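Next up is one chain by itself, shown in structure tokens, the form predicted on its own.
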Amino acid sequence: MAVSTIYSTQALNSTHFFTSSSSSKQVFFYRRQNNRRFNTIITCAAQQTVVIGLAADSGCGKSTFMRRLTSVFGGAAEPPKGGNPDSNTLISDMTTVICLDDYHSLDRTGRKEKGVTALDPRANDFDLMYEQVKALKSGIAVEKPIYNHVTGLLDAPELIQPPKILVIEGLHPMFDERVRDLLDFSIYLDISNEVKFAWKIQRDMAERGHSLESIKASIEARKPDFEAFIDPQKQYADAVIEVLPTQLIPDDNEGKVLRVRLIMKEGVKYFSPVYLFDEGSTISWIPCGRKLTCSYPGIKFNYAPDSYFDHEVSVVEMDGQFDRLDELIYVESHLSNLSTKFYGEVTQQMLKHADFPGSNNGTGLFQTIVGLKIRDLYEQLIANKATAPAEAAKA
């Protein structure tokens, strides 16, 4: 018997319908956007996809994190071959990264006319986002829309095949409860206002010639929507990478030396938090000495159990930056539960991407560690799915 479900979106300028047929194992998406209708017939595949969510504001390091993550799984992440050159999708051997900007229901002009920002949920199509992530997780290919960041327009959709690992990254991966429930693991990149401001000044003034006043105005214009719709998502994340001003330099406001905290939720299936020296203890460690070169202001690590939005968490913190990445092996040897395949794998990954932003501080270190933890989580999930039918047969 065919089962049909119809959804009408709450977005300001989008209507779509979804119909599934259990007998034919096909999914039909009927979607109307800007008076154009997209019809898609989608056929089921056999595998089930592991879904990872990464949330952060714009300009907070999502792209760099994605490159580190896909590198852990092997293969270079590239846009779909032969497709739209302005596609936001990145595909590697095992992973597909989807930018959730593609689910904007309004183009740049439409948002101006309606007086909303891209951060506003009303400018995004969460119904379609949910249905397509759900379909991909179930092994079903989809025709995903494309938001063109160059033109600000909504381009024709592209075919996305279900990968082994799907990463959905953007402003809202944990905003909608239905999408949130599809995630096997979630990360939030939490950049403090002080660091975000310093980064934006460095980039926009030095590289783009913007004035200090225009940069401040841009940040202030986004702030209300960020605080209302983006920042609250961190309470749902399984891991948070929090980037703060250093405490090693009094009154520092340059944002070049950073204090970075890796906040890991306890009790997450297939995920064991990393710890320093002794699990569950409170540790403060200054490793600078004969085995680690440290120029001013040095490096300091902290580790302790804590509470975060009423969840028990473990927190590893690094303040300062490395002078020599090859010496990172000394720090790596004192961290446990890293989910590495061999001794020194964290250091190897960091050296491999030494030119990536954050490679000399805690942002690169903790992004690499989370990538390795996600690989381990994926392998455990797949192993568990493989043994489940046999255990069910015994029962």
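Residue indices: 1-based, along the sequence shown. No experiment lies behind these values; they were computed from the predicted model shown.
There is another form of this protein, the form predicted in complex with a small molecule, and it is not shown here; the text below is about that form.
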**Study point:** Within 4.5 Å of the small molecule in the model of the complex, all of Thr96, Lys134 and Lys164 (non-hydrogen atom)
**Key:** no
Point to revise | the small molecule contact at Arg111 in the model of the complex, heavy atom, 4.5 Å | key: yes
Review point. Any chance Ala118 has a heavy atom within 4.5 Å of the small molecule in the model of the complex?
Key: yes
Practice item. Give a yes or no for Lys144: in the model of the complex, does one of its heavy atoms lie within 4.5 Å of a heavy atom belonging to the small molecule? Key: no
Review point. So, in the model of the complex, is Glu242 in contact with the small molecule at a 4.5 angstroms heavy atom limit?
Key: no
Revision key, fill the gap. Which of 298-306, 98-106, 79-87, 313-321 lies within 4.5 Å of the small molecule in the model of the complex, heavy atoms considered? The stretch 98-106
Practice item. Scan Gln348, Ser333, Ser58, Asn337 and let me know which has any heavy atom within 4.5 Å of the small molecule in the model of the complex. Key: Ser58
Exercise for review: Just give me the single entry in Lys269, Arg178, Lys216, His149 that has a non-hydrogen atom within 4.5 angstroms of the small molecule in the model of the complex.
Suggested key: His149
